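As structure tokens, one chain now follows by itself in the form predicted alone.
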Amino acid sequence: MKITNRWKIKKVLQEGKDETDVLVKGWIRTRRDSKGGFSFIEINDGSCLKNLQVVTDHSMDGFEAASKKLHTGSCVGFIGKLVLSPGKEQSVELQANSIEVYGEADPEHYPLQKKHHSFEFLREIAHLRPRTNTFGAVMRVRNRLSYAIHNFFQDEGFVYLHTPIITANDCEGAGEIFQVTTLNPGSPPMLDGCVDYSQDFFGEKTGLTVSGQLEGEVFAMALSEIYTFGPTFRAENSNTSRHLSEFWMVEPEMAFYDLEDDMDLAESFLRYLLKDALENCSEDLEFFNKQIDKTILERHRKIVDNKFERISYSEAVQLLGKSNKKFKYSVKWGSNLQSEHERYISEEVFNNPVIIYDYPEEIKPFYMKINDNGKTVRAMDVLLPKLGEIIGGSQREDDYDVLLKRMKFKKLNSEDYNWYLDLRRFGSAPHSGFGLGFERLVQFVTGVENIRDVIPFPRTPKNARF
């Protein structure tokens, strides 16, 4: 019998019927030999969390030659007949009548022999860790969240925009940018004691983008509602469980939205994503709820079913000041809220997602719209229990004179932003937007604590290979 149409294991377990002939391929997770002349081999192809049990008769043609290669990690293919499984873990199992080994995995050297490995160990073998249950589940959830993000914005009539990865703009004004250059770093051309970037590839100093927001605003001023979803980069020397040097951001920009509209969109966006994950990643989320954090499912369902809390920055500072909790960082009006403050408010005060709005002007970027009091800007952050900030956004400053004044106050060269100022000179409109850190979203949905464990290949200080 020759079968060329491969069945994925997910399809086998969901749709497979008794007496169906199928071809399956995957990687061996376990092998158990019985005294009755049979081997029970569990294989996984990444299509779902569960393995498929394959029963092989030692008298089967080709088994003796293949047997010495059937180790954990080996890549194999089986042809056989599905039969009802006597076990509780799956509805069917495969009675094999043909076997092919595509690639061996020497048991003396293959590092994934045990069922459980630490996250730290697996980070050292990032090229093999996707074969574990945990990282397979993380990547399936990540995939589904990506799909749901596009579905949400497409259903809302947004246009998907590809903003540049190489840019001369520093959106946040922080200067933590990876430089892009073709100049010889040992002897760059100099002019008046400074590097002469006019001789560089782009004719000016350029780097990897920290945000697609500014370019997104350009198209929002023509297409009304756009979103970007792509990689961003920060040259911040932070070795923490919350920071990456390369990460993905979702950044919608919307014409004719004020801050209230911005907050409404952010809330409905997050609730949509969690609802989609609960409906379409149930098996993987059950696994995380059992292995990582036993409160995940309950927390996600609560967020889907309830409105977010909303308080001003001033109210947040008052709540923190009245608390009896000892914080590492002191709290006063005008200071940035730290992660410990954000989590206290979302976890202990409200036990619910919280949107904080109207932040002090001094601690926010130049592009945020000033409130009438002159002290605060129309900014908002969305805080989630167990995580802290997941979304940051604002209504953008649409007045030319005010924006120019803020640039000077922030000591930015307005000539570098002439094109951005033109958006306020020619047909300016009220508009808003926000940014969501995609890896932080995956962390929250899966319960995985370290951000390096929710991206395929983490890029961090001193680490760019795996």
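Predicted, not measured: the structure shown is a model, and the values here were computed from it. Numbering starts at 1 and follows the sequence shown.
Note that the form predicted together with adenosine-5'-triphosphate isn't included here; everything after this is about it.
With the partner omitted here, the residue from C281, I390, I296, L259 that has a non-hydrogen atom within 4.5 angstroms of adenosine-5'-triphosphate in the predicted bound form is I390. Residue-level contacts in the predicted bound form: of F287, F247, F135, Y313, one residue has a heavy atom within 4.5 Å of adenosine-5'-triphosphate, and it is F247.
Looking at 233-241, 94-102, 135-143, 218-226, the stretch with residues near adenosine-5'-triphosphate in the predicted bound form, meaning non-hydrogen atoms within 4.5 angstroms, turns out to be 233-241. By the criterion of a heavy atom within 4.5 Å, G26 is excluded from the residues contacting adenosine-5'-triphosphate in the predicted bound form. The closest heavy atom approach of I9 to adenosine-5'-triphosphate in the predicted bound form falls outside 4.5 Å. Taking non-hydrogen atoms only, V442 never approaches adenosine-5'-triphosphate to within 4.5 angstroms in the predicted bound form.
The shortest heavy atom separation between I451 and adenosine-5'-triphosphate in the predicted bound form is within 4.5 Å. Using a 4.5 Å cut-off on any heavy atom, the residues of 421-454 that reach adenosine-5'-triphosphate in the predicted bound form are, in sequence order, G435, L436, G437, R440, I451.
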